[in-house]
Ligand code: K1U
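Starting off, we have a lone chain in the form predicted on its own, written out as structure tokens.
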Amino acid sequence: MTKRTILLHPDPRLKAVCDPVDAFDKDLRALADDMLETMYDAPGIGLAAPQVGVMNRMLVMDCVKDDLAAAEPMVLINPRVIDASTDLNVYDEGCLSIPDQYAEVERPARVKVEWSDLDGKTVQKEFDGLWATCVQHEIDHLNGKLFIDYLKPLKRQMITRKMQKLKREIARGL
């Protein structure tokens, strides 16, 4: 397993629509392992392939936040929401590609998602609570959408400027 570098906003790869995965092989398994290691190390609860520069429709997540509970790592390949509740939930979202920035985002409270597992087998599951928020957030990444895209333009611009400043500081080694 290799920890990967997480891309920071603004980066054009974070705004691109990803390609479907069609090869279920050892390289895909290695990418899944790398992404899980990267996500846990960050630390985060979700990570989409474009956030590590891989433009494929794949995400990993684990929304277990209790240190005493067993981890529940999930790998979703070519995921899509097939049903969503009409009732909504507001969550203060953050993103590993937009560190230390949070904003309330409203999304369906429950979603049913269909995806392929690492063997290419189709899986369906209903998510609610934090899991529902996370899976929708990560699927958005696969469609070139960031959580800040849900915000009013002024707030989105303010966060983008902070991220540009952070990237300049990192480049200068500050």
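For clarity, every value in this text was computed on a predicted model and none was experimentally measured. All residue numbers refer to positions in the sequence shown, first residue = 1.
From this point on, the text means the form predicted in complex with this ligand, which you will not see here.
> Thinking of P79, S85 and F127 as the candidate spot, does this ligand come within 4.5 Å of a heavy atom on all of them in the predicted complex?
Contact check failed for every one of P79, S85 and F127.
> With a 4.5 Å heavy atom cut-off, would you call G94 a contact of this ligand in the predicted complex?
Result yes; G94 sits at the interface with this ligand in the predicted complex.
> Even though the partner isn't displayed, in the predicted complex is A32 close enough to this ligand, meaning a heavy atom within 4.5 Å?
A32 lies outside the contact set for this ligand.
> Is there a non-hydrogen atom of H141 within 4.5 angstroms of a non-hydrogen atom of this ligand in the predicted complex?
Yes, H141 sits close enough to this ligand in the predicted complex that at least one of its heavy atoms falls within 4.5 Å.
> Decide whether V111 counts as a contact residue for this ligand in the predicted complex under a heavy atom distance cut-off of 4.5 Å.
Flag for V111 set to no.
> Residue by residue through 126-152, tell me which have a non-hydrogen atom within 4.5 angstroms of this ligand in the predicted complex.
The stretch 126-152, when checked against this ligand in the predicted complex, contributes T133, C134, H137, E138, H141 at the 4.5 Å heavy-atom cut-off.
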